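Consider the single chain below, provided in structure tokens and representing the form predicted alone.
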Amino acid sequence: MTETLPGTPAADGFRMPAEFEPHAGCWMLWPERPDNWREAARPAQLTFARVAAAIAQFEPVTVGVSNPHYSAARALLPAGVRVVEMAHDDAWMRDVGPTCVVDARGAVRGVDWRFNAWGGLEGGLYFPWDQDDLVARKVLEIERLDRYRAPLVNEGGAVHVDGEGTALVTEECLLNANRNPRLAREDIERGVRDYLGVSHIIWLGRGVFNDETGGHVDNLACFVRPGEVCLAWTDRRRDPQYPISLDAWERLQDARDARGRRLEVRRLPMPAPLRLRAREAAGVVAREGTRERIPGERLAASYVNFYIANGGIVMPLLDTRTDRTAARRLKSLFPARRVVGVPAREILLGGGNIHCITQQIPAGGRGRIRPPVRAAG
């Protein structure tokens, strides 16, 4: 059994490493809910299997699967992907899994945020969420990593860091009253500093238009390397996304990071607006307490929602008209990594994308980087 620690990561000398630092592996969860994933989640499961196979080319992958779905998931996933039985409410490992931190000696620990399904009873996406709130603890038990139980309601997709003391967040998400209604902005800032081990926070305004997470930063912007940020962008001035991206651009231009540097901001073009089709909505089983899928609603499609693996970038393919442009731009941003695209509309239909369904475990100094598996599929 791993230890639940007193204190905070910052006080103990721990920091959240950037996603582009070395990983020991990646965790995912298996999509199962028929009230969020169409056609009893079968199309989503096939897509998740492809994402797992793509990441497994670069680093070890573990997928948590509930008991009734274990055999089917094991059959669909590559043999080199580890499958573990794990109860959960939905498949967003980025948000329900642990946010890991490291210290100067290479020790790795995990932060277990409080989870309320992106808003609890005031705008949350499903009820109950008690099994999701246990996922981070279960992952840390399996990985044998000690755990901090944070007092904040927060999600992994709500933060990005540069590994050198700077965090990116949005006001729309972290200041939403449905997360931590009794905390003022300075209280939330203190919590982010304490549990991520950062010294400086860059506040962006809103997240991607119609993002049902309430404005997660990981769909809008991320660090490419220290001092350089990738931003979801559209040139369509009448698009409601345009003022959101422009505001983020202006804030990033005015910002300095924890080391006092100006930021280089790289624009990553978004696909044209994508919408939920009637036949896709019809495949979702409506249930009280779960977000309804409405034909014609705009999907929060962004190429920024990619995963940085050891030596690779696994990106969502969203629209054949813009996929190649996005892939070329990502290759220019990460020249030392191989860019792999996975058709990801099925993940988008559920409310997120590749970054949202993954969570890295940093390598730290434990020598835990195992060789990647050349997965079929």
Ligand code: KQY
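Everything numeric here is computed off the predicted structure, so don't read it as measured data. Numbering starts at 1 and follows the sequence shown.
As for the form predicted in complex with 6-aminohexanamide, it is not shown, yet the points below apply to it.
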Clash verdict for 6-aminohexanamide in the predicted complex, overlaid onto the shown chain (3 or more atoms within 2.4 angstroms of backbone or C-beta): open
Three-residue site 25, 307 and 314 fully in contact with 6-aminohexanamide in the predicted complex at 4.5 Å by heavy atom: no
In the predicted complex, residue 293 touching 6-aminohexanamide (heavy atom, 4.5 Å): yes
Contact test in the predicted complex: residue 166 vs 6-aminohexanamide, heavy atoms, 4.5 Å: no
Touches 6-aminohexanamide in the predicted complex: residue 213 (any heavy atom, 4.5 Å): yes
Residue 95, heavy atom within 4.5 angstroms of 6-aminohexanamide in the predicted complex: yes
Stretch from 235-243, 281-289, 267-275, 205-213 whose residues place a heavy atom within 4.5 Å of 6-aminohexanamide in the predicted complex: 205-213
Residue among 36, 62, 57, 45 with a heavy atom within 4.5 Å of 6-aminohexanamide in the predicted complex: 36
Heavy atom within 4.5 Å of 6-aminohexanamide in the predicted complex - residue from 125, 81, 201, 102: 125
Contacts with 6-aminohexanamide in the predicted complex, stretch 104-124 (heavy atom within 4.5 Å): 118
